[in-house]
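Just the one chain here, laid out as C-alpha cells, in the form predicted on its own.
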Amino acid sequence: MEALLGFLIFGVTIGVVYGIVALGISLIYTGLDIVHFAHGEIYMFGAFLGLVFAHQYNVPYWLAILCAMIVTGLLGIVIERVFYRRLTRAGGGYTVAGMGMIICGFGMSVVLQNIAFLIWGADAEPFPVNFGMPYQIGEIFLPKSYVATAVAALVLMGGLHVFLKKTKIGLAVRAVAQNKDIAFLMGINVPLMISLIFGVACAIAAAAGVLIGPMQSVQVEMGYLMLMKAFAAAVVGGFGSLPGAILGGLLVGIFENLGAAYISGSHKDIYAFLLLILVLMFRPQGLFGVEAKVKA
C-alpha cells in the first residue's frame, strides 16, 4: 500500500503539471479556435528563464516563477501580434485562418527550439532547489517539491478562475471565446483580448516549466513530449474545457505512473496515449467536453 500511495502521489504531482500546460492549450483553443503546437517550446522557454533568474540572478525560487511567467507571457503576446496576427483578418470581428495558424505553430516550434539551442546549448541543465527535508507519512517520504508543485498549481488555477469569473477583463475574455463577432459588436477590443489570452496561456506554461525543473533536468527538447502529454490531457478532459484540462492532466499523470510501476517502466510514455485512445473510444468528446463545434 505504501508503494501504491507513493506512485499515486507522484502521479498527481506530475499530473498537475500536465494539467497546467493543458490548461494553456485549452485557453488558446477557446480564444483562437486552433491548437497551438508551439506550446511545448513556450513551456521549455519558461523553464530555462526560471533557471536563469534563479541561478544567474540569484532570485528566490518563487519569485523566479513569477519572473519567468511575466517574461514568457510578454513573449507570447509578441509572437501572437507579430506572427500569428498576420494570418488573421479583422472585419466585423476576428476571423482566424486556422490551417495557416497550425502550420505557423509548427514553424514557431522549430524556431523557438533552435533559438533555445543557440542560447543554452543542447546539454541538460540541473535545476537544484533546496526545499528542505521531506515530509514523512508513515513509511512514505514525501518530498517538499511535490507539495510545492501541488500548492503552486492550485494557486495558478484559483487565480485563473478568479480572473475569468470575477473581473471585467475576464468577462470580456469569455465573451470573445464564446463569439468573437458578437463581442466585437458589443464594443470589446477583440484583438487585444486575443493577445491577452495568448499571453496568459504562455505565462501558465512557463510556470509549469519552472515547477517541473527541480524534479527533472531542463533541456531544449523537453517541450515536445510535454506537448504530447498535455494534448492528451486536454482531449481526455474535453478539449476546450478548462476544468477538464486539469482533470485530464491528473488522470494522465496517475495512469502513466501506475502503468510504469505495474506494467513496464520502459514504456512509460505510451500510457498517456493509451488512456487517450480509451477515452476517445467510449466518450469522444472527453470527460467534460460537449458536442464539438466545427473547427478550422
Partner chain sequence: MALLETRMLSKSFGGLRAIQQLEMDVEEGSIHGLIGPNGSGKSTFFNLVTGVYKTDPGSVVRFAGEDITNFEAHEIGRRGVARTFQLLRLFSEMTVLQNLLVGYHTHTKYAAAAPIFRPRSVVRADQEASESMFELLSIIGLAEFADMPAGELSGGQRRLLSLGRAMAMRPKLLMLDEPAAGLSPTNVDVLMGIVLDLKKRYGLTLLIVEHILKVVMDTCDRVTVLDHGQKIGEGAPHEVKDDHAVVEAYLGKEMSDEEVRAAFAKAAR
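Positions refer to the first chain, counted from 1. In this text, all values refer to a predicted model and were calculated from it rather than measured experimentally.
The same protein has a further form, the form predicted in complex with its partner chain, not shown here; the description that follows concerns it.
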Next item on the list: Could you spot which one of V110, V162, L154, M99 gets a heavy atom to within 4.5 Å of its partner chain in the predicted complex?
Entry: V162
Next item on the list: Would you mind picking the one in N130, N114, N179, Q136 that has a heavy atom within 4.5 Å of its partner chain in the predicted complex?
Entry: N179
Check: Using a 4.5 Å heavy atom cut-off, which stretch among 204-212, 100-108, 145-153, 165-173 contacts its partner chain in the predicted complex?
Finding: 165-173
Notebook entry, point to check: Do L74 and its partner chain come within 4.5 Å of each other in the predicted complex, heavy atoms counted?
Noted result: no
Check: Heavy atom to heavy atom, is I79 within 4.5 Å of its partner chain in the predicted complex?
Finding: no
Check: Even though its partner chain is not shown here, does L225 get within 4.5 Å of it in the predicted complex, heavy atoms only?
Finding: no
Check: Looking at the partner-bound form in the predicted complex, is I188 within 4.5 Å of its partner chain by any heavy atom?
Finding: yes
